[in-house]
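In structure tokens, the next block holds one chain alone, the form predicted on its own.
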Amino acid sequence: MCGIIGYAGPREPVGVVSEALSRLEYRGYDSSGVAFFGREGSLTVVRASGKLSRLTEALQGTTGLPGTAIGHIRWATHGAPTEENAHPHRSGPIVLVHNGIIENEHALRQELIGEGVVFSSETDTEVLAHRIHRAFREEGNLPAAVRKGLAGVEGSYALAVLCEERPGQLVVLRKGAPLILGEAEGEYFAASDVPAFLKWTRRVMPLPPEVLATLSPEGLSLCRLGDGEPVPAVFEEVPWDPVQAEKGHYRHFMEKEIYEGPRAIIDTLEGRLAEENSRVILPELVRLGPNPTEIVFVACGTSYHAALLGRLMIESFSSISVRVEIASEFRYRPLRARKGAWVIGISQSGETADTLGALELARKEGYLTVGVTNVGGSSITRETEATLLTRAGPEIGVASTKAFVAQVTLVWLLALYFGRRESPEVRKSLAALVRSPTRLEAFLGSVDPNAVDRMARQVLEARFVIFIGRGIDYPLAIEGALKLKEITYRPADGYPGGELKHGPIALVESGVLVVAPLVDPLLRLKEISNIREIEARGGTVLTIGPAGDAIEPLPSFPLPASEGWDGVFLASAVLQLLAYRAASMAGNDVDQPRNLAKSVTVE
């Protein structure tokens, strides 16, 4: 969940790692730090709690020697978010940064204390620093010391290690937590995510698990952690444009990424439509054999909501039974699925720990696994039999927007792929999908900011916000509630409209606001009945949907007429803008909401 940057090359390193850390802020953090070789040739460590601006102030006017350096933004797990617990951590000549959790930290700490080691922090990371220091005294070789120091360590980690006595070397490796290598002319990078070094290079290589890489201005070498056997380095160029990772004229990345939704749909559709857009082709799935007898989606957060829409879509067009499971619950109970089922994991980053764990369980039980992710080369792409990329480009805002749109596009494609090609419903739905990016772009261009702001003010004035929906609208409702909670910090819940009478309607009174997307044409009249029940009890209702039927009240935020599924993109854009504008009015840090990280890579 934290962010690592490592650099080896001819540039002044403090500026490089500081700028790279600023491009990793979206991952979530509460402290930061850097380590570099100062003018005297010794390793200097500078750390700060709080925002990265405090580290920047502490580094004002500081420069380092060209060569190697590391940086880190920390999201607290072991120990409070204080400067003492901030990374990098040091033991003698060894300085390192770490993402992940060391599960046997207590036993390892007690062992070191028994040897006379004095700890200066509460973190599990310091245990690694002392163990590698001890091994370096014995080995005198940094890569060998890292390998020896990690023997017997249980848990997940991504590490970047420097040694004061080996200034030309930077050693990095990973187990569980992500780490990406970057290669440019005469320089190398290692980072938790590509945007950290996208300014300098687009040549990347996801570091395989338990492979140790030694970076220096002179070159790169890789070997297996267990036996030291060499591993070839294979870099590929990612299609992401560095401009995609910049805000441009927008105030926040979240705002920019909402308006990038149409492009995310177009890119996700590219190469997946044949015969003049009359047929879906997903060559990634062909080698898996016959269609599945059952699909089990596993996902977390926003990806879970996209999977709920996927279930509705797939079951609308095919005879395949679909289940949707929260990954963190699914992975800890017996898997009961039909023979021939596929387990499909959806994760924007491809590194979500619970989703990867769920897929690992499915593989062990003999089921075919498929990954849906936005990041090529991520862990999910290596640990599944097939991968479907969503191609949303880098998403910097913690609250997912365009990645959700791309995920919905992908599960819609899946539904049409499994559906009967000759079916009029399938053909009609495919035509709607092809039109959807143009319709969404036109709609976003027509949105009146004042209309969104009026709704946002009502959200901020409400004591409590409830989102309701039926059918298509239920996943939209719980996604809208999640967006609001993530960035406004206001209490909000999402419910199926039919469940109101089974408990939640007890909450409805004056001062309670209910937000209802009305996209599903088959259930709209039932949803309107729910709305009238709320109004009869003093609640205020905001509706988002197409106008037209004389029987329904005029929507609070009218949408263009839609035929069902394409309305999902329109309604989700409004829900995203509603949360965004409300959070902006409240003065919140929209792109880096408190306590949250972009990629949840630990349990």
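It should be emphasised that the depicted structure is a prediction, and the values quoted were computed from it without experimental measurement. So that there is no doubt, residue numbering starts at 1 and follows the sequence shown.
We do not show the form predicted together with 2-deoxy-2-amino glucitol-6-phosphate (AGP), though everything after this point is about it.
S.K.: Which among 392-400, 316-324, 518-526, 92-100 is in contact with 2-deoxy-2-amino glucitol-6-phosphate (AGP) in the model of the complex, heavy atoms within 4.5 angstroms?
M.R.: In the other structure, the partner sits against 392-400.
S.K.: Would you classify residue 483 as touching 2-deoxy-2-amino glucitol-6-phosphate (AGP) in the model of the complex, given a 4.5 Å non-hydrogen atom cut-off?
M.R.: Yes - in the model of the complex, heavy atoms of residue 483 and 2-deoxy-2-amino glucitol-6-phosphate (AGP) come within 4.5 Å of each other.
S.K.: Are any of the heavy atoms in residue 300 no more than 4.5 Å from a heavy atom of 2-deoxy-2-amino glucitol-6-phosphate (AGP) in the model of the complex?
M.R.: Residue-level check for residue 300: yes, a contact with 2-deoxy-2-amino glucitol-6-phosphate (AGP).
S.K.: Taking 2-deoxy-2-amino glucitol-6-phosphate (AGP) as it sits in the model of the complex, is residue 378 in contact with it (heavy atom to heavy atom, 4.5 Å or less)?
M.R.: No, residue 378 sits far enough from 2-deoxy-2-amino glucitol-6-phosphate (AGP) in the model of the complex that none of its heavy atoms falls within 4.5 Å.
S.K.: Find out whether any non-hydrogen atom of residue 349 is located within 4.5 angstroms of 2-deoxy-2-amino glucitol-6-phosphate (AGP) in the model of the complex, and reply yes or no.
M.R.: Flag for residue 349 set to yes.
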